[in-house]
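Here we start with a single chain on its own, the form predicted on its own, put down as structure tokens.
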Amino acid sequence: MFAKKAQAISPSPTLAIDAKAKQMKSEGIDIIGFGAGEPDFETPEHIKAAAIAAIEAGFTRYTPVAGMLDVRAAICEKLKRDNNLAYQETEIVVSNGAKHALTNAFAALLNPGDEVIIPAPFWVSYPEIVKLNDGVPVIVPTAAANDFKITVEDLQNAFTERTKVILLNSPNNPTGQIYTRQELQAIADFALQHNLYIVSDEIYEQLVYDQYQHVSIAALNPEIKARTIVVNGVSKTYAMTGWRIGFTASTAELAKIMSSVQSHTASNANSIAQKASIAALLGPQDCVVKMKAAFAKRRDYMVKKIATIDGLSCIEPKGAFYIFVDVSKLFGRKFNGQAINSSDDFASLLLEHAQVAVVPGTGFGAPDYIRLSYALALEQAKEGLERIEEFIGKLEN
């Protein structure tokens, strides 16, 4: 008999479409993919150069489990500069990407049966990471009318005597929405009132557009900071997804527990990537500004175009690089006699007949939606949306 806990983990519902898209590409079919969860830019040159220098200098050995001291110092400097958060090196744990950091966080916080409130739509891995650490994910649907953000009323309705953690993700994947300072303060007050912890996934914090600003809930006051694990990394901001560097910032007590967990599961994060991350965090930031400008241009085009396509609608994202598109008005329509009754049906038919890959919202806890990434060239985005519009035009009522 295999492990029940592992068998209870749900495979990503996006994998079937992703696998089919890759197969079609390998057969030479021109697929336009809106599924990318990573920037389409190269890692900036000064970051690459730091990695090469680290290799040449012989930084190829084990490091302290929680990360090199100079890396943790750089993270502390970044948190102070960008988030008005004061941490010591002993309160930082460097790990193999933000997903690993999240796993460490829940391993440190959860006992069997502890409940974690997860607002939906959510990133697909959240519930599974919670379950792997013996927790119970409590999925709380949010409303498009409220920009898909959880309210204190929602929290009150979901709260039980087993509630231990509230999981926040701002800017959000898949919706691109951002919590305001006032909204975060209300959530923080609720958490403190009920002695809850906050796990705050801020991996998209630098990718915020227009007049909007990212606020870390840990920066609101010392009380909520003491009950928050901030999760972040370099992958999205600096186009370093493959480098696998994430980190947590928390209390020294929690950091020690997470470091102990990591010492027996993965040991230290990659030494070369750690050195590269110092260059990313403390070096020139103009590369981020350029990426943001490109993302904003693509977002603006795609939001305007989607608004003109029959049956589609979306709320303009404030951050990250995703647009969450409501396709429910297409349900009940048919393509060549095949009915569309879900976003999975729409995504499957779209890939097969229009050669466009999108991510259905089922895995995000929002089956009426699809996620479109704008981490692809503007010309590709234009062509992809034109194919989607043409496909929808062929649907039968």
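Don't overthink the numbering: it's just position in the shown sequence, from 1. All values reported here derive from a predicted model rather than from experimental measurement.
The form predicted together with a small molecule exists for this protein as well; it is not shown, and the discussion that follows is about that form.
At a distance of at most 4.5 angstroms from the small molecule in the model of the complex, all three residues Trp123, Tyr126 and Tyr204 contribute at least one non-hydrogen atom. Only one of Lys99, Arg299, Arg227, Lys149 comes within 4.5 Å of the small molecule in the model of the complex through a heavy atom, and that residue is Lys99. The partner is absent here; in the model of the complex, the one residue of Asn133, Thr163, Gln274, Asn169 having a heavy atom within 4.5 Å of the small molecule is Asn169. This chain is displayed without the small molecule, yet in the model of the complex the stretch 230 to 238 from 136 to 144, 73 to 81, 230 to 238, 176 to 184 comes within 4.5 Å of it by heavy atoms. Looking at Arg244, you'd find a heavy atom of it within 4.5 angstroms of the small molecule in the model of the complex.
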